[in-house]
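Read on for two forms of one protein chain; each stands alone as structure tokens, with the labels structure 1 and structure 2.
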Structure 1
């Protein structure tokens, strides 16, 4: 087990090799690894900027090539720092290129429950896992432009509906600040960082405990969830369906407002 991180964590004790890189140099490290996999020359001055040596990186590549089956586990330290989705794309490309020598895969480490389920369903419905825009009536995919973090940081969002997540605890501060400025609605069984900054917090039944559903493991294996307890609160699905039905039925005040506007025109 090789651990790559900017600082020593509790996982260091479980690892065989620890490679400590400089903050913000993820993309450079992965790019150098890709070059070494393909036996391309590498500038040692660029290697030094990563905080590692060429010998360390070459040893890492040799170990990966000799492995019978290798897995890259990566998390928000890679996807939420400098480079963002480009870091993830580079790592996925490295895994693909290693398959010319052995079997290698990459698996994201999820922070919240059933995040994998959201990706699986979106891929099934649209062909894309995340960063999807429906503004034109059909799905458009572009990480870095339509990703939630980027939309919030740029201030492009004027309202937010948060289901089964706590972005107020994990997203960059500019994104959290924008959530606090706009009308934010949060559906969650408990009080969270996000619910505290929301205009509206709707308490819902806990999935798998008081509400049925399907959860997906990080390896995309679906697990049926059967509730063990009853809850006085509605499920997330019930709340969303009610909101959808209410939107479809224009309220009387809106219909009157439309008629007044037409009369004025």
Structure 2
């Protein structure tokens, strides 16, 4: 196991090789690796910027090419530092390019229970995994433009439905401030930080504990949930369906067409 990080973490003990890179140089490291995979010349000064030596990087590339089946596990250290989505995109490209030599995949490390399910469901229904805009009546995908933190910090949305999350406790302050400014609706088994800044809170049954359904494991294996308790509250599924039904009784904005122009941003 090769561990790449900006500092020595507890995972170092479990790893065979630890590559300590300079903070904010993820994109540079991945790009150099891509060049080495294709046997392209690499500038020594660019290698120095990364905090690693050319020997270390070349050794890493040789190991990856020799592997029978390689996996990149990546987390928010990659996607939330300088470069953001471009870092993730670069890593996915590196994994794709390594398939010219061996089997290689990239898998995001998941913090929350069924975030993998969210990817799978959104891909199934819209063709895209997250950050999807329906403002033109068809799905458009653009992380950085339609991703939640960016939308909230820029103030691009004027209402929010939050379910299975507590952004009021975890997001950057400007994003939380915007959630508090706009009408926010929160569905959660508990009254959370987000509930307190919301105009509407609805208590729901806890997923997998008192709400049945399906959840996806990180490697995209769907698993049935087996609740042990009966909740006095409705499930998220039931509440969202009821909100959807109530919205369906109102005139369809797309048919009216008049709000189309507003969404053509």
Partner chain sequence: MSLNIVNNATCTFCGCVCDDIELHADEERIIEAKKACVLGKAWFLNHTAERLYPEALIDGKEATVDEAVEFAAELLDAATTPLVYGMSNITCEAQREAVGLAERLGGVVDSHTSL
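Under this definition, the rigid core comprises the largest set of C-alpha atoms superposing within 1.5 Å between the forms. Residue numbers count along the first chain shown, from 1. Here the structure is a predicted model, which is why all the values come from computation and not from measurement.
In this pair, structure 2 matches the form predicted together with its partner chain, whereas the other structure does not. One rigid block turns against another between structure 1 and structure 2, and the hinge that joins them sits at 146, chosen from 77, 24, 95, 146.
Of the two rigid parts of this chain, the smaller turns against the larger by 16 degrees between structure 1 and structure 2, per C-alpha superposition. Taking the core as the fixed frame between structure 1 and structure 2, we note the C-alpha of residue 201 moving 4.5 angstrom.
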